[in-house]
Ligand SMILES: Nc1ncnc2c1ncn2[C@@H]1O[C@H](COP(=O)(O)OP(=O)(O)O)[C@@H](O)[C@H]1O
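To begin, one chain is listed below as C-alpha cells, in the form predicted on its own.
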C-alpha cells in the first residue's frame, strides 16, 4: 500500500496569558496509508483536535510538516474534507443546497452538482429529504448531511473530529455502522477523533493513543478484526480485551500527568 498522509516532527505551541509558549503537540511523526481508517483517542486536552486542524491546514505549526501524496500542506485544500462535532449546516439552505455548497464555491454548475448531491444523499440514507431544511432533521440526519457535504468535494482524506459526540447512544451506534458502509464504498483515507474507545476499536484499522499534553503518539495499535464488522462484535471477548488495554494506556497517561 502507498502512503497517503505523512506527518514528520509536527509540533504546535500556543501562547499562555502571560505570553509564554506552551507546547501542545510534541514532535509527532506517523504515516497513514491510502484508504486506511485511523482513529485517535486520548485524554481531554491532549491535543487531538489541534492535531487534526493542523492536518487540515486550519492552523499553522511551528515545527515539522504534513504531506499528502508527497505534497506539503500549506493551508486548507480540496484534498481534505471535514466533519466536525457540530454539523454547521446553513439553516436557510435546504439539505440539497447544503450538500452542494462546496461545489458552488468551486464554480461547479447545478447540472453537475445536483445529481451528485442526490446520489450522495441516497448513499447516506437521506433519499427524499433533499428539500428539507436542517431544522426539520434529527441530529443523526444532520450529521448524515454533513458527511454528504464533505464527500461532495471528493476529498482524498476525510478528517472527522468527534462527529457523533452529540448523538444519543442508540443513534451513535447506528451511525457508526452506517459510516463503515459508506467508507467501504468510497474508500477514503479517514482520520477520526473520538473519546469513545469502543467506537475507535469498532471503526478503525489502527487506533493511535495520544499522551497527555504535550500530545504525542503513545501507542499505535493495529485492530485485527475483519470487515464488514457487525455491531455485535462489540460484545466479543477479544474486542473488550483491546478496549480495556487502550483504556489502561490512557489511564496511565492521565495519572502520570497528574503526578508530573
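Just so we're clear, the structure is a prediction, and the values are computed from it rather than from any experiment. Positions refer to the first chain, counted from 1.
Unshown form predicted together with the ligand; subsequent notes refer to it.
Although the partner is absent here, residue 47 is a contact residue: one of its heavy atoms lies within 4.5 angstroms of the ligand in the predicted complex. With a 4.5 Å cutoff on heavy atoms, residue 241 does not count as touching the ligand in the predicted complex; it lies far away. Contact check for residue 24: a heavy atom falls within 4.5 Å of the ligand in the predicted complex.
Using a 4.5 angstroms limit between non-hydrogen atoms, residue 58 is distant from the ligand in the predicted complex. Note that among 48-56, 224-232, 198-206, 65-73, the stretch whose heavy atoms approach the ligand to within 4.5 Å in the predicted complex is 48-56. Proximity of 84, 150 and 186 to the ligand in the predicted complex is absent: no residue of the three has a non-hydrogen atom within 4.5 angstroms.
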